[in-house]
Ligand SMILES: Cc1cc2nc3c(=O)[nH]c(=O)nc-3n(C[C@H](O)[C@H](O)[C@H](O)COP(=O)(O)OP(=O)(O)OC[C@H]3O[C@@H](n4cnc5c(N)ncnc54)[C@H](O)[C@@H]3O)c2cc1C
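First, one chain by itself: the form predicted on its own, in structure tokens.
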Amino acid sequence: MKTHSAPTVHIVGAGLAGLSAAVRLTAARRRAVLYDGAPQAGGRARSFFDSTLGRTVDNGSHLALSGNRSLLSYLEAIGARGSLTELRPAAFPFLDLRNGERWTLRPGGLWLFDKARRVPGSRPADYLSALRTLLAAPSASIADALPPSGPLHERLWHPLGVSVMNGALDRSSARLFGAVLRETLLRGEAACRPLFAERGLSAALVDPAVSWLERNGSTLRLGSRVDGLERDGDRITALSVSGMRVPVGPADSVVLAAPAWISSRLLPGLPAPAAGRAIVNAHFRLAESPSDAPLLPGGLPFLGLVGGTAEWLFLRGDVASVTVSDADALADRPAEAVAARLWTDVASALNLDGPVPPVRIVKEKRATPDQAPAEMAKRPGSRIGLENLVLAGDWTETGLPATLEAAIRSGERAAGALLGARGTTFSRLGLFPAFTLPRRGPI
């Protein structure tokens, strides 16, 4: 792509929302300059080398699905379609830590009529309850919409709802949860195939975007914290970047792609949901080398856990990573206590014994916005009444919970608002074709 003289778009935040906006704008021949106070791009979806483990791990574990159309279009745009591996056919293995029972959810075709492919003890009609989330009132919680007990609640809706919404079912929006089901499970097997970043989130989602942007004339200013916005009427006229004034020209624009609490500080009075619950991740190194690492039953790289503390276990090489959502109480405990508690679940799942191995605990105290119905009503759209500023971020109004897909989609929409194509995405504009991911399977 050749670069041209064009207005500059100043993007505050180099997480996935900011990167997505920058890619879309750069593809439309706008020059983007991204600012982030962190030393690396990616926000909460990044990788880092941990000296204790001697391994590169992700800040937090994320499970993407093949129905995440904005994420896939973003990968195509930056030339990274091979960075995620797709599990075909879709399969979701689970373990009940209380009694050792294992099962694998295998959606697709007539799966609801095959006892071996659905949750043990569930009936085909039980799954129709998912439709209630699509029709729920704006004020309804997941607990209001779905049956409060039974095998499907305990073994699917509860673990899935807590991890997707990062909150208890009785205070998480049914409509947002329904939106995830509508775009994945309810669209069939082809839309709910797990996608894995086998080399880590940065290698899959961040580094290719940074390289693409730099090759095509846009700039990243990392370690540069935006600490103020200068405003004249309904226009932003300058940024304060690490205490230095950066003018915003008459033809320039601003994308505010920072987390909600930072955006509210920069724009006092901005409507935004409150901060949500913590997410705790633990990374355990299981062996001296990846070749000596244990395998999960069935050879799959992840496992859903029921009846313990951890909710999902991911195995990459010789590192086992577990995630706990809605984890304020756990996040308040010392790292050593957290490690011991979560190692109990990992050891049980992998049939291991012995003391806690080398571990890194990562606590994200404000991992997502509060996704209760009342807080979701506060989510702003891309446009908030300023002529040359738009918003992006997984906390803005995307119709989805705060996920990788929501962050990327918010960046698309923010860029589209500046380009005069409000609500459009990479794929809807026809900029990037469909593609096939590397396949992992059969299973």
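Predicted model only: the values in this text are computed from it and were never measured. The first residue of the sequence shown is number 1, and the count goes up from there.
One more form of this protein exists, namely the form predicted in complex with the named molecule; it is left out here, but the text below deals with it.
Considering the named molecule in the predicted complex, the lone stretch of 360 to 368, 109 to 117, 346 to 354, 137 to 145 in range is 360 to 368 [heavy atom distance within 4.5 Å]. This chain is drawn without the named molecule; in the predicted complex, the residue among S122, T104, S83, S224 with a heavy atom within 4.5 Å of it is S224. Proximity to the named molecule in the predicted complex, defined as a heavy atom within 4.5 Å, holds among H62, R31, R55, R69 only for H62.
With a 4.5 Å cutoff on heavy atoms, V9 does not count as touching the named molecule in the predicted complex; it lies far away. The shortest heavy atom separation between A407 and the named molecule in the predicted complex is within 4.5 Å. For L16, a non-hydrogen atom is located within 4.5 Å of the named molecule in the predicted complex, even though that partner is not displayed. Mapping the unseen interface onto this chain, L391 falls outside it, with no heavy atom inside 4.5 Å of the named molecule in the predicted complex. Residues I279, N281 of 270 to 287 are found to place at least one heavy atom within 4.5 Å of the named molecule in the predicted complex.
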